[in-house]
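The chain that follows stands alone, in the form predicted alone, written as structure tokens.
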């Protein structure tokens, strides 16, 4: 049996071969990626295999991680935008669901080598969802990768079904005496990518606050000067999704900014979007989609999105056609269905 390597030794070896690792952690799935030149894959794959199958989790490194994690959390808890974000998630999904659960300082104290190894065994070695290979790989290289993955002995896994609490919109003001600015989060629980209105709402979100030329930016940043930046987003998780608007403003213009946000929301519900603006947004989304599939790494990310969301390739094939078919009337209908003020959560942190 070969000698296991420390994290520093693995990092040094991968750096020598011009390779690197990237890990990504979300509320549903985690992923680890190896980027390597084809000619060095045989040299770099063993390190990748070791990380997945024989992690060390040394106590000294865990202790350092715990100290740094607590320090980062302590700093974040002084920031109004962080407080608004975690309170928003907790309000949407409840503190007992993974989507709404908030990390506390004492959570770091629970971490130790045995716990991490147990979790790794259960969730990484026995929770495999997919393996994606992207790039100019010949048949020999593909077989090498497949053979290595097979030897890891990984088992397929899927997410457990966790019941969501009923959605109850709420409005909260969290006072922070030393705040220079107020953080604003407005939004609601919505749906996943499987929902028939997901793409239409994506267009609506882009118009409202999803790109630099959005209505929220034009009004609250460019016209009123209340903030440096404001935006909105639509998030799809495995079990549910949500829509949010986020910004930070001076405490003296907080109320005015909130009023303008609702003004722009209500415009979407009461006025048809003109064809010029809609065409601009459709072109923006078309260009963004084309950029998102440009190159092997981008294609791999798209494939990962499909697999993790249990979607077929037709989702991508039909995307642009569905964007093109969206009408002003459809967008107004979607806005009236999902953006009623009484259905929106509002979290404000500041003074």
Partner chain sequence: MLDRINPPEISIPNAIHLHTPQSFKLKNGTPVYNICEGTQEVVKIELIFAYASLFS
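Positions refer to the first chain, counted from 1. As the structure is a computational prediction, the values presented were derived from the model and not from experiment.
Keep in mind that the form predicted in complex with its partner chain is not shown, yet the notes after this line are about it.
- The contact residue chosen from 130, 170, 180, 75 relative to its partner chain in the model of the complex is 130, the criterion being a non-hydrogen atom within 4.5 angstroms.
- For the candidate set 43, 28, 61, 50, a heavy atom within 4.5 Å of its partner chain in the model of the complex is found for exactly one residue, namely 28.
- Not one of 82, 218 and 231 places a heavy atom within 4.5 Å of its partner chain in the model of the complex.
- In the model of the complex, no heavy atom of residue 262 sits within 4.5 Å of its partner chain.
- Residue 194 falls outside the set of residues with a heavy atom inside 4.5 Å of its partner chain in the model of the complex.
- When contacts are judged by a 4.5 Å heavy atom cut-off, residue 135 counts as touching its partner chain in the model of the complex.
- In the model of the complex, its partner chain lies farther than 4.5 Å from every heavy atom of residue 211.
- Across the options 200-208, 218-226, 153-161, 172-180, residues that bring heavy atoms within 4.5 Å of its partner chain in the model of the complex belong to 153-161.
- Heavy atoms closer than or equal to 4.5 Å to its partner chain in the model of the complex belong, across 273-306, to the residues 283, 286, 289, 290, 293, 296, 297, 299, 300, 301, 303, 304, ordered by sequence position.
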